[in-house]
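The chain below stands alone and is given as structure tokens, in the form predicted alone.
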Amino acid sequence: MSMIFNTEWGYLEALTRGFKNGMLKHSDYLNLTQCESLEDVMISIQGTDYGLIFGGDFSQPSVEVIEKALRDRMLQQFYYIRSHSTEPLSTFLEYIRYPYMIDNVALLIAGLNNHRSMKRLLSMCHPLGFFDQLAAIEVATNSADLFDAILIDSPIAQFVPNDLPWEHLSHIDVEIVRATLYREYLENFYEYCRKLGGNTADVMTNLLSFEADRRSITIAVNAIDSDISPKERLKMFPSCGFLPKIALASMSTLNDSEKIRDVCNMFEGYGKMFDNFERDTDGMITLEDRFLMMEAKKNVQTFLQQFHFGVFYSFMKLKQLECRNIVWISECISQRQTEKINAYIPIPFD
């Protein structure tokens, strides 16, 4: 595929690398952390490659305004790339959207179970996760209607396992539903990238295997002392990670983070994540944060290779993390919790 890569997708790869080069550097984050108000944050952001994303209007500064402007810029860049893509890149970009669709469906299921307003829930859904059938949620009054309206004829229908008891959806933890859909998604995406071959297969299988391990370990830790049986836990673990099946089977039975760490350290060296986690006495850096730091490093390294689709996946991951960081800094300033302002996830560009 590398022989025709520049002809078909060279422009989009170069454009994406340009988008990545315009992301915030360490000095930009230092400027943001020195801001004293949200208006200062907005002015500082407009001094970067984001430009006039707020339209020069700072009359009503808020975290919501900042978050929406950042999200709109990310959407603008993604949709431009997608609108100029051809197969198989078009399908690859759809796979990038699927996690947002799964999150939106999980949000709607949780809202339905708690009798929330569907119109309000739809306004809370991520725009990248919108699909045509999502609008039909307004007619859903129970889990069966939801299944018929969204999951039978929708882009994520392919990730719905046959053994998921949708008739008892109201009695199932929504996080179990999310994890089950995400497992099917990861395994499907992994197989798709492997079939593409070339540098794309090498880069993406590495990234997706790490993502699979991260989810398995996180689920195992969060399931400690819960009512989730080992069999149910194992069903939520993606099988396309670096951790072998024997490690996943072992983690599904453990209710001690120390033993989970020993298993991870024995096979893939993830145990150091737990070591760092335990030494953080202020409790601000979580296990999830450690994985995000490693993920950011891997996604930056993706750009060291050429002629592959991994740059599009990694750019979206890094852009999402950048938005998360700016929102965290903005929240700390808004709530005057400046002692926690440096607890964002650094992106190692410099």
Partner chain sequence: MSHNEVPFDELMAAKRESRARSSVREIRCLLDDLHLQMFHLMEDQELLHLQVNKQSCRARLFLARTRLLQGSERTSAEVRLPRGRSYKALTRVIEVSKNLGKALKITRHPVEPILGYFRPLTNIFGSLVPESLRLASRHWYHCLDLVAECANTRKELQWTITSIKMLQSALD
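Here the structure is a predicted model, which means the values were calculated and not measured. Residue numbers count along the first chain shown, from 1.
A second form of this protein, the form predicted in complex with the partner chain, is not displayed here; the remarks below concern that form.
Judged by heavy atoms within 4.5 Å of the partner chain in the predicted complex, the contact stretch among the candidates 87-95, 117-125, 245-253, 192-200 is 117-125. Site annotation in the predicted complex: the residue of D173, D153, D72, E258 reaching within 4.5 Å of the partner chain with a heavy atom is D173. None of N188, N222, N265, Q76 but one reaches within 4.5 angstroms of the partner chain in the predicted complex through a heavy atom, and that residue is N222.
None of the heavy atoms of E39 is located within 4.5 Å of the partner chain in the predicted complex. Looking at M23, you'd find every heavy atom of it more than 4.5 angstroms from the partner chain in the predicted complex. R82 falls outside the set of residues with a heavy atom inside 4.5 Å of the partner chain in the predicted complex. Contact annotation: N113 falls within 4.5 Å of the partner chain in the predicted complex, judged by heavy atom distances. Annotated contacts: L287, W328 and I345 all touch the partner chain in the predicted complex [non-hydrogen atom within 4.5 angstroms].
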